[in-house]
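Consider the single chain below, provided in structure tokens and representing the form predicted alone.
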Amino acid sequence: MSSSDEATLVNKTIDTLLEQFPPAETEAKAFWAAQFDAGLAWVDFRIGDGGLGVSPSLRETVTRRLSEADAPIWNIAANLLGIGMGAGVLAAHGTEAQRKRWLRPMFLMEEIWCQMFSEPGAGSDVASLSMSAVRDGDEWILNGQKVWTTLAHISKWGMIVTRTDPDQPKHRGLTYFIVDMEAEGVDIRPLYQITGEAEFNEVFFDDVRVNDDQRIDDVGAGWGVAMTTLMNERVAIGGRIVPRNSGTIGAAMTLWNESGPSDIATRRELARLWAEVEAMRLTTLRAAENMQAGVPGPEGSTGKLTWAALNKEVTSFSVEMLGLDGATIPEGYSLEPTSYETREVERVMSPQRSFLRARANSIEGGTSQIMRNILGERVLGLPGEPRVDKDIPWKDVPRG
């Protein structure tokens, strides 16, 4: 099918969806069910898995047209780790039974997902993780600790990488599972951040049993599946196609129009930031159009790296415009875990809270330093950093 035929198919399918399920008259969950069944959840996925088997670049068409029709698309943000990351993992590495089991409830927001890679002793170097999984018949027994797990406290399922063979070098002894976050032995504890919320958690596993049919791909293939997850994460964070003048730059423009200083320096800075955000948006759109079906490439790292720095600039600019009012949070400050309700919509944060939250952008989903390493090695072809433990059995690698 040619690209023009694919675009025609997608647009006609959208027309039918909006005609049969008018957003103003249809509950969100019913609309998502119809959207999934029509193949408009992830258009590049297989038919029957929420897709139409077309180019992934056409996802932007779906998002744009549904947004223009005021259709409910907030599930993408509310269940970002599932819809933006877990779905791609299941599409690339999952069995047909796993895709049938998990994709539809995920898209319908019936089951929230989280992702567990980082550990206290394995942050940027994920492959050095020590979480163990030992086989016991048709089950695996998991023991260890994960940290910085976003939304673990409201999640039903978690993507996790474990150490199943300590005699192998660190990259080759890993296996990937989908874990029931409500299983016996899973202990979830909130980690409070500068905004006062606890989006993140530390998660402890004490003899947690996982069925082998919840294993993704082969035993020992966990590193490859983890890379798919991380590439999808970077696309989800830095590669989303958003409408013009949305997000924090839209908030900055609104703030300036309503009460911002009108001096030339402020106007110039706002114009510069707007131009940079728009250039990034268009670059992301072009990257999506060039992306081939399958595992995302390094494009997500480019967008994630740029967005992390730029979003900090934009939110800092907004707080500076507020003057002394920028030192307070109008909606109040309290320590509490992020609730399910606050994730149901892309709520508009105050400029002050956005400024605080943006500090995490250069850390979450891989630090900016890691993004530069990835781009240097995979895009520019520069030599990688020395890895003296690459071929040493994991159990023999010295650890602090």
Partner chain sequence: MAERITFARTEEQTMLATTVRDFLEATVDMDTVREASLTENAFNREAWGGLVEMGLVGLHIPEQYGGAGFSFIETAIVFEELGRRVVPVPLLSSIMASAAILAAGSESQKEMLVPPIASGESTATLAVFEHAHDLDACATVANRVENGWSLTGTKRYVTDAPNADQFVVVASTDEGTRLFVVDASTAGVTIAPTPSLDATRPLGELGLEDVHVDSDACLSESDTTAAIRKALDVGVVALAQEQAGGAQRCLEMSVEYAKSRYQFGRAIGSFQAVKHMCADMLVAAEHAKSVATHAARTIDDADESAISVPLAKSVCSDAYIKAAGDTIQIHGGIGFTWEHDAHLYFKRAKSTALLLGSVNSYRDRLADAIGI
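Residue numbers count along the first chain shown, from 1. Owing to the predicted nature of the structure, the values given are computational and were not obtained by experimental measurement.
There is also a form predicted together with the partner chain; it is not shown, and the following applies to it.
Judged by heavy atoms within 4.5 Å of the partner chain in the model of the complex, the contact stretch among the candidates 151 to 159, 194 to 202, 270 to 278, 105 to 113 is 270 to 278.
Contact with the partner chain in the model of the complex, defined as a heavy atom within 4.5 Å, holds for exactly one of 360, 58, 38, 349, namely 58. Among the residues 141, 285, 77, 227, the one placing a heavy atom within 4.5 Å of the partner chain in the model of the complex is 285. In the model of the complex, the partner chain sits beyond 4.5 Å of every heavy atom of residue 46.
The partner chain in the model of the complex comes within 4.5 Å of no heavy atom belonging to residue 172. Although the partner is absent here, residue 380 lies within 4.5 Å of the partner chain in the model of the complex, judged by heavy atoms. Among heavy atoms of residue 369, some come within 4.5 Å of the partner chain in the model of the complex. Contact with the partner chain in the model of the complex holds for none of 99, 124 and 208, as no heavy atom of theirs lies within 4.5 Å.
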